[in-house]
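As structure tokens, one chain now follows by itself in the form predicted alone.
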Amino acid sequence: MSWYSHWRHAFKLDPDKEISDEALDAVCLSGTDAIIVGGSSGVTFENTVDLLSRIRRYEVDCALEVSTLEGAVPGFDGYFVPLVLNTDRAEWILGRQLEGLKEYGTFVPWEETAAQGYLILNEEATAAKLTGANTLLDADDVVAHVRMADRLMRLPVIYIEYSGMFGDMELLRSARQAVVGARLFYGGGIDGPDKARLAAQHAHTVVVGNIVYADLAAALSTVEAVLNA
């Protein structure tokens, strides 16, 4: 059993976005299983430390998605290291990760660190543009990527990411059917309980992000939807 294996629902908070104390209180006391801290741009040591210190007032699990060396901050319950599976730019598969290990490898808490194999499937997403992700994948492509990540690479987490839009649930279903050992995360476009419930039918863990900043009540409603799905 891994430290994140019981998560069904998680909120993802961006250190580069403002969230009030009242909103953060509601998110952390919502019944969600975890808070994941991470973002595609603007992540610094300072804003990550600030967000962590505010979340630490609560008992909810808190993990960091390490996307930049500047944002590598100690004190989290766990750490995810993303690898982008659907890009041909080596820097996003092993380049940035090797840089991080050369700099901080001695200090990595390996028992609380897990690799995340990302499939980024929204071409308009900042992460897709940044990494050069090939988002035009059909079901066969997705299954092949999942099998490579799950069975060949033995990655513990596979993350289907549609950041900014709600994804193709048939592709998500295909991914779930192909997974044997990894935990399947889904994130993207969940703006209320209905979409959260749909994603929870196939993903082990449903991650809710942007709607926290646009409609807090809608974001909070996703917790019960996922946990009761």
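One-based numbering along the sequence shown. What you see is a predicted model; the values in this text were computed from it and never measured.
Below: the form predicted in complex with a small molecule, not depicted.
Trainee: Given the small molecule in the model of the complex, answer whether the residues G164, I190 and V207 all have a heavy atom inside 4.5 Å of it.
Mentor: The answer is yes: all three residues contact the partner (heavy atom, 4.5 Å cut-off).
Trainee: Please run the contact check for F76 against the small molecule in the model of the complex: heavy atoms, 4.5 angstroms, yes or no?
Mentor: Answer no; every heavy atom of F76 is more than 4.5 Å from the small molecule in the model of the complex.
Trainee: Taking the shortest heavy atom distance, is Y159 within 4.5 Å of the small molecule in the model of the complex?
Mentor: Within the cut-off, so yes.
Trainee: Please check if H9 has a heavy atom lying within 4.5 Å of any heavy atom of the small molecule in the model of the complex.
Mentor: H9 lies outside the contact set for the small molecule.
Trainee: Among 49-57, 180-188, 24-32, 66-74, which stretch sits within 4.5 Å of the small molecule in the model of the complex, heavy atoms only?
Mentor: Only one stretch passes the 4.5 Å heavy-atom test: 180-188.
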